[in-house]
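Before any questions on how it binds or moves, here is one chain, the form predicted on its own, in structure tokens.
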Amino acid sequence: MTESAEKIKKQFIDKGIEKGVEELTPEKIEKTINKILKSETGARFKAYVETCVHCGLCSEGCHYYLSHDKDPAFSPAGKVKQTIWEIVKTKGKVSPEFIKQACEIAFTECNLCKRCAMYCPFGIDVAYLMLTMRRICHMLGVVPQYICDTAHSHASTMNQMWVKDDEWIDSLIWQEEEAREEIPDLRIPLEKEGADIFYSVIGPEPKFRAQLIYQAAVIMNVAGADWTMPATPGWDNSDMCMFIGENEMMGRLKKSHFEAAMRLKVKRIVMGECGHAFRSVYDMGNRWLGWKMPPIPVIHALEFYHELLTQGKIKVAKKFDKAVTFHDPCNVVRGRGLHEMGREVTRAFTNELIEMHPNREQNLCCCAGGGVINCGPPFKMKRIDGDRIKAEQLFNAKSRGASTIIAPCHNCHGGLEDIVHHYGLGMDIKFLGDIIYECMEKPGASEG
């Protein structure tokens, strides 16, 4: 580890990590590591660990590495060397202090963005290796406190924000009442059996961003969509358990989500603008439950907006009058390839799209995804400093005229807001749904 990396790592104290490390013994560490490596990994893990030739070509793909003046300790290969390689080499005979450092690396120095895999000549998925390290840390009880608390909220209430069942329904009724002042015949259908669409949202929407439910209801109404939302647990598609390696609870969450949709006999799930939730529902939680693909078709909001636009179900009334740039969320671009759909909808509703460089599947991560922002205040500045390169990318887009960032993902909003504020960029950040709602035709809307 370099001197600069050592200095950075000594700045942070987290009660969840510290308390967990205090209760470790060498015997517990060795037993836990070997149990996971033998029972939960296989050919994929072995191929990745044994194939890497330490060439370092992955380094240029990592925003932490680029933002820390190319310090090799922050390179993807460097992070794996400080974590997974060591526990494999020693067969789990590592110290509590090693687990503490490995926990910080896996949870707060890797966003699981998978950009490095695009630079690796063998396509090694470092995100998978870091998730394996997180799984080991979770099973050892060494997890950052804030994200652990959020996972506990999931376990207790089946949603991320401790929203009670009646509070969820009250939030939907409230947003329906608000929206009916604009469109008198609008409804948010609850528990409608056999609807085409089960619309699912992330936990913070009813808690902090209820206007997004309002806007989605207006878009659904204008498009004439046959849709519903559940009145029961299973409405929240978010998943911090996935990010701490609490795979059993991740499975329970996805089971609840899919069962709510199947109980209502809907044809498909349309997810709001969230990247990590899409990853959980479409790519990880379903597979933990034994499905190669989800039991009900799942699409992200970007796909849905594109469908409505191309089918003429929503139409442009006016163009957004400020130049925008489009941020590609890792989990729906590298993870699903929705970059062109997002741009087609953006171009339809805006006058000018100014691209960041690099973009699309090469875009730089916001440094908030992968559960990193959910590790909380102790690691906030570590996260912001770890994405100086993103600030430079945004500044470049701003210097060419972009004043608004479109980011179709909740975590990206959180990360970009911190970057914009800290680096004094003075840019607005919007969801794509914000732009559509503001600029689309609204037949039946009351005047004023």
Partner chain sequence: MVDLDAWDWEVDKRMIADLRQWKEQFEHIEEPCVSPDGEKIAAVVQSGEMEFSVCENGTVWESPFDKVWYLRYTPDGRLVGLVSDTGTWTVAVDGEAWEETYDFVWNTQFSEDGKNITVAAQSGMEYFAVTNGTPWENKFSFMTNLAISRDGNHSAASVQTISISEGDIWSFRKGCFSVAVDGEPWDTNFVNVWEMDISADGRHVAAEVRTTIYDFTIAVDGKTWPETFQAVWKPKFSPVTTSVTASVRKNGVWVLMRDGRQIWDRSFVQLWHHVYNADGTKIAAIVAPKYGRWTMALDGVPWSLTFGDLVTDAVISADGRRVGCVGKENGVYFIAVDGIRWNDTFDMAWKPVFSSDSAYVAAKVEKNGRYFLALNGKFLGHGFKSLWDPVFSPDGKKLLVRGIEDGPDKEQYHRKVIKVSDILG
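Residue numbers count along the first chain shown, from 1. Computed from a predicted structure; not experimentally measured.
Heads up, the form predicted in complex with its partner chain isn't pictured, but that's what we're talking about next.
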property	result
Contact test in the model of the complex: I299 vs its partner chain, heavy atoms, 4.5 Å	no
Residue contact check: G312 to its partner chain in the model of the complex, 4.5 Å heavy atom	no
Any non-hydrogen atom of K164 within 4.5 angstroms of its partner chain in the model of the complex	yes
Any non-hydrogen atom of R287 within 4.5 angstroms of its partner chain in the model of the complex	yes
Contact residue in the model of the complex, chosen from K93, K267, R347, K319 - any heavy atom within 4.5 Å of its partner chain	K267
Single option in A155, I183, A210, V88 placed near its partner chain in the model of the complex, where near means a heavy atom within 4.5 Å	A155
All of A217, K382 and H421 with a heavy atom within 4.5 Å of its partner chain in the model of the complex	no
Candidate stretches 374-382, 188-196, 95-103, 349-357, one within 4.5 Å of its partner chain in the model of the complex by heavy atom	188-196
Residues within 4.5 Å of its partner chain in the model of the complex, restricted to 203-233 and counted by heavy atom	A231, P233
